[in-house]
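Single chain ahead, written as structure tokens, the form predicted on its own.
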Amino acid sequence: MLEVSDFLVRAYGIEIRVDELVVRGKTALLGRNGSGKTTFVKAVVGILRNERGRVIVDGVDVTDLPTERRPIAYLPQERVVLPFRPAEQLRYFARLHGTDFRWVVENLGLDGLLAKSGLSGGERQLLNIATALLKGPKVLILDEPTQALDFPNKVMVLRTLRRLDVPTVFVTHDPLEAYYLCDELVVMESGRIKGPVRNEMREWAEEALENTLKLYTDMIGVEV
């Protein structure tokens, strides 16, 4: 569980104030451009310093810990390119965290990427999501993780995230993604969080995604 309380951070000309945010399952963080979503999550993971407040993970105060020691896996919005071939990257981080990379390869459909040297933007994002999961985090924070993905790959990633039993903050501009994946939704506006609101649109979102995916299946034979 992630708890953020009495939180204040000022960065990039934005002031973020959060009285309380508790994430037990999967929480979507929605908001317009410039509302402060990315600034907030960077402060939660320790990239930016908060002036006041606490970040607690499973009852442990991690506010003063450096980013690498917080039991949080974070995938930033910015494109991440590491100096590894795909298979090398997964093996390296699996050894670093003492985990097995084969389950993420299977669940994210990465078999075809392992031997490649040059990846598209969508393929690179799939690889980075897999790398984040190898940390075995107690909390997962994803900032617009599907923005570079085509629709079938987006559905694949969302399905995988739904199966994970990890408290997740999912930053997105897409309400359909939020409705499909998350248990509750919060909205950030001008540095303030409003909500949470319980997600009562999941069945509608599931139907919308599956119907759209069927177009790909029928027209070009894509299977997810």
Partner chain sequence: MERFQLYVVVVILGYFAILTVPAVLRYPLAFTEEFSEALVNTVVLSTISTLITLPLALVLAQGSLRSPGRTLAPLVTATVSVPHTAIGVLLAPLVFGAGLVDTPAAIVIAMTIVSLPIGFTALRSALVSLGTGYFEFLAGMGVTGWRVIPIAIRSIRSAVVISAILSWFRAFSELGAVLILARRPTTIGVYIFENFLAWGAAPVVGGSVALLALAVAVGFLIERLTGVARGK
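Numbering follows the first chain given and starts at 1. Keep in mind the model is a prediction, meaning the values are calculated, not measured.
We do not show the form predicted in complex with its partner chain, though everything after this point is about it.
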Taking 4.5 Å between heavy atoms as the contact cutoff, choose which of A148, L75, L113, L108 touches its partner chain in the model of the complex.
-> L75
Can you check whether D100 is within 4.5 Å of its partner chain in the model of the complex, heavy atom basis?
-> no
So in the model of the complex, does N153 come within 4.5 Å of its partner chain, heavy atom to heavy atom?
-> no
Is P83 close enough to its partner chain in the model of the complex to count, meaning some heavy atom within 4.5 Å?
-> yes
May I ask you to state whether D64 is within 4.5 Å of its partner chain in the model of the complex, using heavy atom distances?
-> no
Just one stretch in 181-189, 53-61, 39-47, 167-175 has heavy atoms within 4.5 Å of its partner chain in the model of the complex, so which one is it?
-> 39-47
In the model of the complex, residues of 118-143 near its partner chain [heavy atom within 4.5 Å] = N128, T131, A132, K135
